[in-house]
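Structure 1 and structure 2 below are the same protein chain in two forms, each given by itself as structure tokens.
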Structure 1
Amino acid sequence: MALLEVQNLSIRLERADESVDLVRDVSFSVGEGEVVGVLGESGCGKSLTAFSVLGLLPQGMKISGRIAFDGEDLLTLDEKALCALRGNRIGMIFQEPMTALNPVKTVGDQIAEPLRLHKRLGRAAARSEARRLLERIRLPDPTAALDAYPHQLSGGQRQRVVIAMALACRPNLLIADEPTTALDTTVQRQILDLLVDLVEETDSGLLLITHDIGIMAETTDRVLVMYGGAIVEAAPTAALVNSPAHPYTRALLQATPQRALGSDARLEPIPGTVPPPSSHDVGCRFRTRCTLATAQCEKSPPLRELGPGRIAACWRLEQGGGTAP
């Protein structure tokens, strides 16, 4: 059963002098007990897509489409109804803990807050549960950490506190935006295992945003590849890693330290950078960096079905080793 269904999501930044498309016609779903990865470089629209689910887009951004959580369209809810979902049935792990945490509140109070608000726990019970959560995410000396302020913790410890806050109410849907960026490799593995265990224990869904293909390959069931604010490929994880169809997906794999994927192939960086949204026009947005680009790429390619659960948007899927129908 689909827990989250996003249909034709588009996000536009409205300014006095211009309108800029930031996310364009994005559709996907996250099922119960499923881990779905969103992969792409910085600036491809991954985080904006996640923020739109929780109604956390900055002012000036116009959103269209449909975002259904457990059958209810979130875009029709008012702020009070969204607040009842945030931190309760939908949890969010933010990428930057220093902006996600309140600098004048203790760690214990911040973890206890959603428990007191949504689960109606008393002060003592919420504090006890906050300590248990800190133990579960393997924060050293959890008792002392309860009374610490964010600035007294290391970056990795703060990130684990943000994760504990997101897990506090055992959400049905967890959105994790680069959740292990500030953590060392050993702790990364522990945290990812914890998130996957939560999905299995509660039959919840996890939307995992990352630019780390190694994490994606080891953790997710399906992957959405985004570029220029749009999905360019979607596939089951094993199929995407073993036979990527879109040139951008292949370029990402070739630019990744291959030991994460069990290969000794040569590392090949992607030339150029992700273009700013203001430069987006008609045509394939990856064409300025693509070695297969032709004049046909001046027109926008449609998403094509390549097989069960597989789609990609490219005029030249038959070239370069991609999978074609």
Structure 2
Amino acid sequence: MALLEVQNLSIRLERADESVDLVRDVSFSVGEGEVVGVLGESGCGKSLTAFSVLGLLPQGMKISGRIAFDGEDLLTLDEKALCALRGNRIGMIFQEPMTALNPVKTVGDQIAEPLRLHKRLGRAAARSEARRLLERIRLPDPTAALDAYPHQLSGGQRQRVVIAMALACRPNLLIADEPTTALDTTVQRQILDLLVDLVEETDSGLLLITHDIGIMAETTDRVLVMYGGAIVEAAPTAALVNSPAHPYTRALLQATPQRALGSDARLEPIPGTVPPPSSHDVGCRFRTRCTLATAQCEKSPPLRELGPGRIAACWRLEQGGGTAP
């Protein structure tokens, strides 16, 4: 049994006048010591999927399906039990390091907080543990950083602090929602290396959300590709990069600077944009931007098994599926 098992997860936004389908029928798992990537453009439902694991969806969203963590269905747990898991056995790193930290509390207090809450450490013990964590995430001058406020740190340093906070209680599962998107490229590298090292060290599972294929290719074991709130393809990372099956995955690969993937094909951005959830209908959601779309795509394509650990949802996989771009 995997550490995290998500089955048929759907998220709907229920308003008085309408009900919008934000995430539909998403299933995946993350094992111990495994790094699973979630790939997709902005607005494809990646963050909502992550928030739902923590039970921190915005108000007004209805969730269905099953999210099992260590065999326990999180959707049936009460708030108290969820609080005991959050920050303790499941850690979360957010997209935006500039706003993820409380501006009026010191870095030391913010890192010590989960330790005091979950591990019942005293003030002094929590502080020295926070110092040790800051050392571990390789922040220069960790003692001074304990008493610093977030605005005194750079973006990269703040993200390291957020990582230290998420790792403080040695969680079994770490969810990182685009942890490096807001940072410049050299810092991105360092942060990701650090993250992967730390996860390997503690043998925890990592769910790494990104829209950057370069990052995905280098750090993950398996990848889920999401589009319009649903999984359109899932595969081991090497297989996905070498022979993407879904037209959307192929389009994403073609839109990526190829240096990152070790080839030199031409860069082709995907025309059009992700459709808003309010436009979701029964058809394949990518068909409006897909070069292979036919009348058949007006119906929703099922996820089909393509090989060991490989699935994709497209009516036209045979027409060019499984070949390199």
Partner chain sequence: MKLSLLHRSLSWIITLWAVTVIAFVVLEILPGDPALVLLGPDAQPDTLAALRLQLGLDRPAYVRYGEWILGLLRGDLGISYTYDISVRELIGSRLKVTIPLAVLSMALATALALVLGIYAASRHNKLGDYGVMALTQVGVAIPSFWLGMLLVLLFSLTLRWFSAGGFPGWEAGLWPGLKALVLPVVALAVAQAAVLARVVRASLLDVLGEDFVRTARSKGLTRGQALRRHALRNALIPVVTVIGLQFAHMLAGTIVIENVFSLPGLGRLIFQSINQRDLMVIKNVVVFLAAIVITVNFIVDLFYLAIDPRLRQAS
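As the structure is a prediction and not an experimental result, all values here were calculated from the model. Structure 1 provides the reference sequence; residues are numbered from 1 along it. Take the two forms, superpose them, and find the largest set of C-alpha atoms that agree within 1.5 Å; that set is the rigid core.
Asker: Give me a 1 or a 2 for the form predicted on its own.
Answerer: Answer to the question: structure 1 is the form predicted on its own, whereas structure 2 comes from elsewhere.
Asker: Is A239 displaced by at least 2 Å at its C-alpha between structure 1 and structure 2 when the rigid core is overlaid?
Answerer: No, the C-alpha position differs by under 2 Å between structure 1 and structure 2.
Asker: So, does R189 move by 2 Å or more at the CA between structure 1 and structure 2, with the core held fixed?
Answerer: True for R189: a C-alpha shift of 2 Å or more.
Asker: Determine, after fitting the two forms on their core, whether A251 shows a C-alpha shift of 2 Å or more between structure 1 and structure 2.
Answerer: No, because once the rigid core is superposed, the C-alpha of A251 moves less than 2 Å between structure 1 and structure 2.
Asker: By how many angstrom is the CA atom of V199 displaced between structure 1 and structure 2 after fitting on the core?
Answerer: That residue's C-alpha is offset by 2.7 Å.
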